[in-house]
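First, one chain by itself in structure tokens, the form predicted on its own.
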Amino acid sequence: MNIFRLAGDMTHLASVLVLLLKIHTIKSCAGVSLKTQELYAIVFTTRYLDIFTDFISLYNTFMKLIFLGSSYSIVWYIRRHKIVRRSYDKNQDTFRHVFLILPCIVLALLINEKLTFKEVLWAFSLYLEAVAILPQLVLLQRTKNIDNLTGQYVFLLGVYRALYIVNWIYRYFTETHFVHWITWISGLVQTLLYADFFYYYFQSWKTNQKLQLPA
């Protein structure tokens, strides 16, 4: 653990709390992609199966339970909550996320650190997390009025991933034999996907205008 990883974890946690705050208090999921949330639920499920077999620390277990519970809670709210689900616009959230899942399965089977069930699932979760934000970004492009909480949620997710890259750089220079190419490349791809959003987010902040992404 170092300050960059801790900051990344806290930023990731903050992004989830912002989204839950919006859904629970406002009773609205407008502008939120169910497809992205389902992908994150798959990511955390496949990555954190070791919670039943390996104990690292109370902090590690607590964070895994938080992300598992929050991802499934958000999916439940959007799909089942009698009020929240009314604000979900499935006509706009049309990204076919199966076309993200299938290539990630194939990639995980071909490129992994070890051809075991656990390691393949781990690689799959990294590949899928790298592209899981795509349905959300596409939905934001189609949405004319992006509310502040949704914008902050996506922004915090991008900051979390950027902080993790700094964490990897720090560990590379301070730890012996710290080389994880799958993690690094997946994280870099994921961060690059946020670049366009970051640009328009800061533009809207600088000009004090409503956040809009070009179609």
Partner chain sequence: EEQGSGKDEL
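Residue numbers count along the first chain shown, from 1. Quantities reported herein were computed from a predicted structural model and do not represent experimental measurements.
Just so you know, the form predicted in complex with its partner chain exists too; it's not on screen, but the next bit is about it.
S.K.: Taking any heavy atom pair closer than or equal to 4.5 Å as contact, tell me whether E113 reaches its partner chain in the predicted bound form.
M.R.: Yes, E113 lies within 4.5 Å of its partner chain in the predicted bound form.
S.K.: At 4.5 Å between heavy atoms, is S186 in contact with its partner chain in the predicted bound form?
M.R.: Contact check for S186: no, nothing within 4.5 Å of its partner chain in the predicted bound form.
S.K.: Within 4.5 Å, heavy atoms only: does Y77 come near its partner chain in the predicted bound form?
M.R.: Y77: no, not in contact with its partner chain in the predicted bound form.
S.K.: Does F95 reach its partner chain in the predicted bound form if we count a contact as any heavy atom within 4.5 Å?
M.R.: No, F95 is distant from the partner.
S.K.: Counting only non-hydrogen atoms and a 4.5 Å threshold, tell me whether M1, R171 and E175 all contact its partner chain in the predicted bound form.
M.R.: Yes, the whole trio is in contact, each within 4.5 Å by some heavy atom.
S.K.: Looking at I26, L49, L149, M63, which has any heavy atom no more than 4.5 Å from its partner chain in the predicted bound form?
M.R.: Exactly one residue meets the criterion: M63.
S.K.: Which single stretch, out of 118-126, 101-109, 68-76, 136-144, brings residue heavy atoms within 4.5 Å of its partner chain in the predicted bound form?
M.R.: Residues of 118-126 come within 4.5 Å of the partner.
S.K.: Quick one: which residues from 1-16 get a non-hydrogen atom within 4.5 Å of its partner chain in the predicted bound form?
M.R.: Sequence-ordered list: M1, R5, D9.
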